[in-house]
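So this first bit is one chain, no partners, the form predicted alone, shown in structure tokens.
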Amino acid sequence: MASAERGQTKYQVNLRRYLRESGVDRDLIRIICEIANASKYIINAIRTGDLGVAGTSNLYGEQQLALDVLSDRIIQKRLMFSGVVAKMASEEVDEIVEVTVPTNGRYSVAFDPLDGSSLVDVNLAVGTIVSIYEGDNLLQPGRNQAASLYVLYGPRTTMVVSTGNGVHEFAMNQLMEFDLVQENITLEGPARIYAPGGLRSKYTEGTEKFVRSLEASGTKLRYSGGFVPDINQVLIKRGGVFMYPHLNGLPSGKLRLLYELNPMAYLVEQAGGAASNGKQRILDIEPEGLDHCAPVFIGTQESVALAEQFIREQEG
């Protein structure tokens, strides 16, 4: 497989060609490429669009920004256009959307159209997160995903994707097409960075002991407040751990299983890492509904195992 190294001015392989030559199913390629197309419009909206509120709320009672609503509409339209999607679930919509236009119904897609949108007005990186399943059932364990990906809108726009055969990074070029940057991203060794979400004053005893052990070993704090850039940092730096743990008063954490945790856990596991709620593998959790939330410790296997050990020892 031809590839391109970071820093080159010319790339050899675009997204569609790479997926096709890797033997990915044609209909799955269509979905991934439609997300790539959607990202062109989303990045333009981020650069030029309305940063105000939309006057509506999502199913979690959170006030929606205009960019959230617009990004959701863009992705829904592209997925409907694909002709291969049976159902869609968006974090911005309170029910599963059944596709009624002509479709072969091969796949269903769950997505967070603009994760971290509240960071746009202070010009920090945000992203789109996507989870893809065969068939029409979205409420199943994440281990059954056919593919997952995220798009990061930062100084560069990049896509990190896995179809079950490693994790690969693509970058948007001047023509707004995605070209291969690097193949087979892998997490190695102990965590060198950590990104801790949630108020530390509300950490449980096991989580607090885990954080102290990271600090004692020289692990550096690197937290942006955005799930996509923080997971991207863990992957691209080849080693780290992100967590949004169970908190005193918030035992289920904050992040959503369907739209955030499952796709990111799939990517991290494909890179040789691990993802846990502190007691159980994220990808083995049976979703109880669209609004199912769970704690998460995600990154290198060594770090996630250590978090589980401290939680088991301190909290049973």
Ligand code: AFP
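Bear in mind that the values here come from a model prediction, so they are computed numbers and not experimental data. Throughout, we count residues from 1 along the sequence that is shown.
Quick note: we don't show the form predicted together with this ligand, though the next part is all about it.
Decide whether P141 counts as a contact residue for this ligand in the predicted bound form under a heavy atom distance cut-off of 4.5 Å. Looking in the predicted bound form, residue contacts with this ligand do not include P141, since no heavy atom lies within 4.5 Å.
Do G105 and this ligand come within 4.5 Å of each other in the predicted bound form, heavy atoms counted? Flag for G105 set to no.
Contact of R256 with this ligand in the predicted bound form (heavy atom, 4.5 Å): R256: yes, in contact with this ligand in the predicted bound form.
Contact test in the predicted bound form: N232 vs this ligand, heavy atoms, 4.5 Å: Judged by the heavy-atom cut-off of 4.5 Å, N232 is well away from this ligand in the predicted bound form.
Options 222 to 230, 69 to 77, 132 to 140, 146 to 154; stretch whose heavy atom lies within 4.5 Å of this ligand in the predicted bound form: Only one stretch passes the 4.5 Å heavy-atom test: 222 to 230.
Quick one: from N173, N165, S118, Q182, grab the residue that has a heavy atom within 4.5 Å of this ligand in the predicted bound form. Selected residue: S118.
Triple contact flag G198, Y244 and E260 to this ligand in the predicted bound form, non-hydrogen atom at 4.5 angstroms: Yes.
Does anything in 279 to 316 come within 4.5 Å of this ligand in the predicted bound form by heavy atoms, and if so which residues, in order? Not one residue comes within 4.5 Å of the partner.
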